[in-house]
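Take a look at this one chain, the form predicted alone, written out in structure tokens.
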């Protein structure tokens, strides 16, 4: 416990009146002992996925199983028990209570869970020793460095010995001097009986990972043969929220670029005619598609998709590969 199985996961929400779909039929398996890194551009859904694993957010559709527990079906007391006993959360901003000492920041969470005072204090001191803060137990957050505060936050997440730890950018606020101890602790946490899932931009964590999950992989340096696509009138080429690896040129007809609204409506952003191109931002920056592309209602369209490197070579921006 636990193996994590995510199946057919879809998440939709409204942002500024637009429909955002960071996950569309997403699937993932993680095994006990794994340290998994979630990589991707800002806004790709890393924090959203952590929040769904922690049952802070509920997906629109799909299944998340942690061990034998179907997380998406939890309610009431079972949901509270899962959040308290199964998952520990390490926040990017530490989220320590400024007026409490390192020990008290851990014991208060345990006392809220019904642990008696002595046992909670003993456990807090044990955890702070484990993360190398035995000399800082009685210091408040304001007297601790960023790395020390993050280690307190990790110790707090471990207070009830949860089998799942989720950490959101745990090294983002740390300099290179502070990050070493945090990285070592995170690696040691991933052991049989526990899974650690980390959302990060930090390449320093890559050598430690058992699994690297690219939520929006970049394709800027790829090269492969062009892909010609014939579309019937109104046929969709890609949808808003899809990952994107190609830039498209319109060979015939025209393409409508449409944004889906949260109320089910849509707005047409542009009509792309023959000889023009669209869809370059997703492969260039590792983003998901910000709009839907489809053939215009007036007739069929033909487009050709190129990798970003090949597209630039066609336009003389880079030397052709090979």
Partner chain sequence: MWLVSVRDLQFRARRFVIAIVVVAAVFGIALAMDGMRRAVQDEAPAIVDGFDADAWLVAEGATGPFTSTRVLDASVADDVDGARRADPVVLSRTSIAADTPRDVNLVGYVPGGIGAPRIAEGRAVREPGEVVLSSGTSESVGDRVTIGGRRFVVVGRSVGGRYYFGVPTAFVDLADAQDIMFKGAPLATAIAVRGDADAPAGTVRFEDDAVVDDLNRPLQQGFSSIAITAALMWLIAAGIIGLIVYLSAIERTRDFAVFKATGAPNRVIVGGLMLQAVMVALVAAVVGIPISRLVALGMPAEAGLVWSSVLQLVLVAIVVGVLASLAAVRKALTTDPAVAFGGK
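Remember, predicted model here, so these are calculated numbers, not experimental data. Residue numbers count along the first chain shown, from 1.
One more form of this protein, predicted in complex with its partner chain, exists but is not displayed; see below.
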For residue 156, is any heavy atom within 4.5 Å of its partner chain in the model of the complex, or not?
yes
Would residue 123 count as a contact of its partner chain in the model of the complex, using a 4.5 angstroms cut-off between non-hydrogen atoms?
no
Would residue 104 count as touching its partner chain in the model of the complex under a 4.5 Å heavy atom rule?
yes
Find out whether any non-hydrogen atom of residue 249 is located within 4.5 angstroms of its partner chain in the model of the complex, and reply yes or no.
no
Its partner chain isn't shown here, but in the model of the complex which of 204, 184, 111, 224 has a heavy atom within 4.5 Å of it?
111
Tell me, out of 290, 32, 69, 47, which residue has a non-hydrogen atom within 4.5 angstroms of its partner chain in the model of the complex.
47
Its partner chain in the model of the complex: contacted by all of 80, 84 and 98, heavy atom 4.5 Å:
yes
Testing 276 to 284, 254 to 262, 55 to 63, 33 to 41 against its partner chain in the model of the complex with a 4.5 Å heavy atom criterion leaves exactly one stretch, namely 55 to 63
Sequence-ordered residues of 7 to 22 touching its partner chain in the model of the complex, heavy atom within 4.5 Å
13
